[in-house]
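One chain is shown next in structure tokens, namely the form predicted alone.
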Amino acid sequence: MIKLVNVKKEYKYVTPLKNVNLTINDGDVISIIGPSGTGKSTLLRMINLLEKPTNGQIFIDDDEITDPNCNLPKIRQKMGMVFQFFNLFDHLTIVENIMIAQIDILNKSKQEAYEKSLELLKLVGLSDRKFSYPEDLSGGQKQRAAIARTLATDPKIILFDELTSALDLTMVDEVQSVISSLTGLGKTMLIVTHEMKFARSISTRVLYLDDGIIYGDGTPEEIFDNPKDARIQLFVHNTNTLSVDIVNKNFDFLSFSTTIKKYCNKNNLSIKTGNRLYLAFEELVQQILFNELSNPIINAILSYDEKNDLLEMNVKYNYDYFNPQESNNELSYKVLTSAVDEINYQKIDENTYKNQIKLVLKNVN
């Protein structure tokens, strides 16, 4: 069990944690979510005392690790931490990276450490890269190697600090898959993440942290589907929604393509789905609407329905009446229809917008 009592961390100009009280039970898998810069990583670093609290007490089982007389190195053997930027030793092979802690901390022989390392590399899908050096691995492979290294000392508690935020979208799924496979080991896991679908699927509990205060602590259903605090409601809504306004034909489509990729990454949507979504948006707006509207005023709102695993984009635009289905650009409309699962057009009566088209896509892995 982990227990934090009135834990506060204060710097000269900022207070990332404010009197946090928290009990974490053995076997809990907890995702910590919330806006950037609100104390999530600081909370993890407090638990293994990489950061010392300004005030308060932290207990690991019956030991108070904030007590100056505590045998901290011994207690840290119960914990492992996977960092955002891997922290592998560049001069060692991957198998040597995993062996070193077993030899130095657990006093295993080289043969014992080697055999255990091979088991862990198999667990994270890197058996064929055991003699590779970190520079020869992709970001996702490095992160999986870092997870294997953390597991090498058989920690009771594992802390994951935004371990996919430094990865390309193509590598996120492979790392999340490895973490998901660890939930059956019965270990206590705390995961700082910005990927809400991942947090929902893996967690027994979700903490919402904002401005150094825990405003939400509940099941994934309680936090994501029925949040009671207005801050959580707004955060969850903004995570699942993306809005863009287009007021002329100089719109930066390339930049918006990157925005869509980040949105899909945050919501744990596949690359294929993101590519289909952008293709549909580009064909509708650039190839069809821009050719029809001399002075376009367009608003597009993208939302993700986690329960049904569906993406919906509502595109509103000016002009008295224009149904893209009647466009002279038959090729672009054909591409548009092939990229989405459903298209619905309707005439609306708003001050600026007179037309609306809804695009629906199923998330496809």
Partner chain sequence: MLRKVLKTCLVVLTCTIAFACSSNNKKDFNSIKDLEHATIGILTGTYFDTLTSKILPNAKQLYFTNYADELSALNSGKIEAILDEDSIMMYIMKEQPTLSTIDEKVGGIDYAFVFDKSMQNNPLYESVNNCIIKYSNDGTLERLQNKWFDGVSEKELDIDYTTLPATNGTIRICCNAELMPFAYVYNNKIIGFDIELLSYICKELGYAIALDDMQFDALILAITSGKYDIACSGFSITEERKKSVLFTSPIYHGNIFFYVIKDKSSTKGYNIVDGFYNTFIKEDRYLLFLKGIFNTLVITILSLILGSIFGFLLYLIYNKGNIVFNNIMNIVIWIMNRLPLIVLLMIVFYIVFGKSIIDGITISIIGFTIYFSIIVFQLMKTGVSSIQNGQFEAAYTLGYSENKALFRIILPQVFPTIMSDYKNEIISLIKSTAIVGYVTVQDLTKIGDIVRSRTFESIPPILSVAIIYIVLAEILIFIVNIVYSHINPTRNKKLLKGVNTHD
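It should be emphasised that the depicted structure is a prediction, and the values quoted were computed from it without experimental measurement. Residue numbers count along the first chain shown, from 1.
Quick note: we don't show the form predicted in complex with its partner chain, though the next part is all about it.
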> Using a 4.5 Å cut on heavy atoms, which of T273, Q286, S257, T153 is close to its partner chain in the model of the complex?
Replying inline: T153
>> Considering non-hydrogen atoms and a 4.5 Å limit, which listed residue (K122, H91, K262, K228) is close to its partner chain in the model of the complex?
In response: H91
> What stretch, of 241 to 249, 265 to 273, 172 to 180, 128 to 136, brings heavy atoms to within 4.5 Å of its partner chain in the model of the complex?
Replying inline: 128 to 136
>> For the three residues E282, I298 and A300, which mark the spot I'm curious about, does each lie within 4.5 Å of its partner chain in the model of the complex through at least one heavy atom?
In response: no
> Contact between R76 and its partner chain in the model of the complex at 4.5 Å, heavy atoms?
Replying inline: yes
> Even though its partner chain is not shown here, does E221 get within 4.5 Å of it in the model of the complex, heavy atoms only?
Replying inline: no
> With the cut-off set at 4.5 Å between non-hydrogen atoms, does S41 touch its partner chain in the model of the complex?
Replying inline: no
>> Can you work out whether V335 and its partner chain are in contact in the model of the complex, taking contact to mean some heavy atom pair no more than 4.5 Å apart?
In response: no
>> Going through 36 to 65, which residues have a heavy atom within 4.5 Å of its partner chain in the model of the complex? Please give them in sequence order.
In response: R45, N48, L50
